[in-house]
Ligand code: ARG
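As C-alpha cells, one chain now follows by itself in the form predicted alone.
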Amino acid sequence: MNTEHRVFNENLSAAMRMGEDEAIRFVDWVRGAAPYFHAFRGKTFVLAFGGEVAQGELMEDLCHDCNLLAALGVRLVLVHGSRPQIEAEVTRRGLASRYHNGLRVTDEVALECVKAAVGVTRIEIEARLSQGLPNTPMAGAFMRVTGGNFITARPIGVVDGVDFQFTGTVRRVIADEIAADLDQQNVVLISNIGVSPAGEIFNLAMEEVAEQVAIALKAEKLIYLCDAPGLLDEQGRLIETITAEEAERKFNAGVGLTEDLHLFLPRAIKAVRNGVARAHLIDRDKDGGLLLEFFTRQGVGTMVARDPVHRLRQAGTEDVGALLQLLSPLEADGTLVRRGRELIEDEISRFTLVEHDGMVVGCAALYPFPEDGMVEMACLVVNPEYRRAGLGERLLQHISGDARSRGFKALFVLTTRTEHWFRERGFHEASPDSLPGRKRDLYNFQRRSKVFLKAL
C-alpha cells in the first residue's frame, strides 16, 4: 500500500470513529432529554423577546426552536416587543423620542409610529413562523399562528408630573380566549399593544404583557430573552438557579444588572410569586439557548423560582430505577460496592433523595447500629452535573440531623476515593476496629475502605 492510500485510510478510519462518537453523544443526549419531553408536553410556555430578536438571524433561529417545542406538545405563547422598530420609525419621520423612567412617552404622533412598527414586526414574525421549506429545521411543519384583542389596557396617566398619554399598562388578560387557541394547538402571538373598552390603543411594555399573560394562564414557564447570559455572582459566574427572595435582594443591590435584566428581573420575581412555576432569563444571542436551557440538566441561563428548586425527600419503591441509574456508574468504576435491584428494593426506606426540579440527582442512605449508638451514611452520590450546587453537603446535613434527632452519638462512612471531602467536613480517620460489631464482621479487608468518624 502506498503512502497516499495509507494516509487516506487512516483519515477515513478517524472520521468514522469521530462519527461513531458523535452518534453516541447524540443518543445519550436524546435519552437524557426524554424526561423533559414528557414533563413539558401539554405545559404552557410564555416566551418574551424584544424587537432586537424580532429581526434578522436571531428570529430565524428562534422560529426553528419554537417549531421544535410546538412539535413536542408545548403550548406556546410568544410576546414580542418592538422598541428598535419604533425608534426607526420615529427617526424616519424626523421626530424625537421622549422617555421617563425607561418608558416611552407616547403622544398621538408617537402612537402612529408605534402602530406602524408593531404591525410590520408582527407580520414579519408570522411569516417566519409559517416557513416549511425542505432541508430546513421547519420542513413539513405548519405552525398556525393566532392572535387577537387579548389584552385590555388603561393609561399609566401622570407620573412625576409627566403625562404618558398613550403609554399604558395591562388592565386585563382575556386568558380563556388564549387558552382556547392553545387547545387548538395554535401558537399565540401577542404584540406590545393593548386596547381600552373605549377603543383607545395603548403602547405597552413587552415585559409587563408577558408577565401578566403568564400569571393569567398559570404558565409553567415565563422566559425572557435578554442582553445577558443571565444573573451573575460576584465572581462573574452564572447563577443557574435563584429563589425569588434572593433575586429580589440582588435586584435591590443593583449590581451587575444590564438594561434588560433591570426590566425583566422584577417581572420574573412577580410572576413566580403569583403562580408561574418558573421564570427563565436566557441570553438572546445564544444559539439554541431555549433547547439548551430546557433539555439539558445544567441549562444555560438563570432560572427564578419561588422556592428552592432542590428538594430532599424520602425514597419510595417508585424511585428504584432512578437510584440504580444514579449508583451504577460509581459501582462500575469501583467507588461503590455493587448493589442489585433486589437489595435496593429491600432497603429503599433507608434512602434520602435530592431532586432538582423533579428529577433525582442525588442520594444517601442511613444504616443505624443502635446497640453501639452509631449510624452509617452510605451511597452518598450526586450527579456530576450538580456537584457545584452543594447537594452533597445538604445530604450530609440531613443525614446528620436525622441521626442526631434519633439519639445516635456518632456517624461513620467507609470510602476509598473521597477521604478529603469528609476530612473537610469534620470527619477523622479511624481504625476498622472502631466500627460497630456487626459492621466490623462484614468489613472487606481486600477492598481496604478507609473509615471516617464524626461525633454528632
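For the two forms, the rigid core is made up of the largest set of C-alpha atoms that agree within 1.5 Å on superposition. The first residue of the sequence shown is number 1, and the count goes up from there. As the structure is a prediction and not an experimental result, all values here were calculated from the model.
We do not show the form predicted in complex with the ligand, though everything after this point is about it.
Of the candidates Phe408, Trp421, Phe40, Phe427, Phe40 is the one whose heavy atoms come within 4.5 Å of the ligand in the predicted bound form; the others do not. Proximity to the ligand in the predicted bound form, defined as a heavy atom within 4.5 Å, singles out one entry of Asn149, Ser349, Gln298, Ser328, which is Gln298. Contact annotation: Thr121 falls outside 4.5 Å of the ligand in the predicted bound form, judged by heavy atom distances. At least one heavy atom of Met303 is located within 4.5 Å of the ligand in the predicted bound form. Looking at Glu211, you'd find every heavy atom of it more than 4.5 angstroms from the ligand in the predicted bound form. For Lys286, no non-hydrogen atom is located within 4.5 Å of the ligand in the predicted bound form, even though that partner is not displayed.
Contact with the ligand, judged by heavy atoms within 4.5 Å in the predicted bound form, is confined among 253-261, 277-285, 70-78, 180-188 to 277-285. Residues Glu240, Thr241 are the members of 240-258 with a non-hydrogen atom no more than 4.5 angstroms from the ligand in the predicted bound form. The Cα position of Asp357 differs by 2 Å or more between the shown form and the other one after fitting on the rigid core. With a cut-off of 2 Å and the rigid core superposed, Asp307 has a Cα displacement that reaches or exceeds the cut-off between the shown form and the other one.
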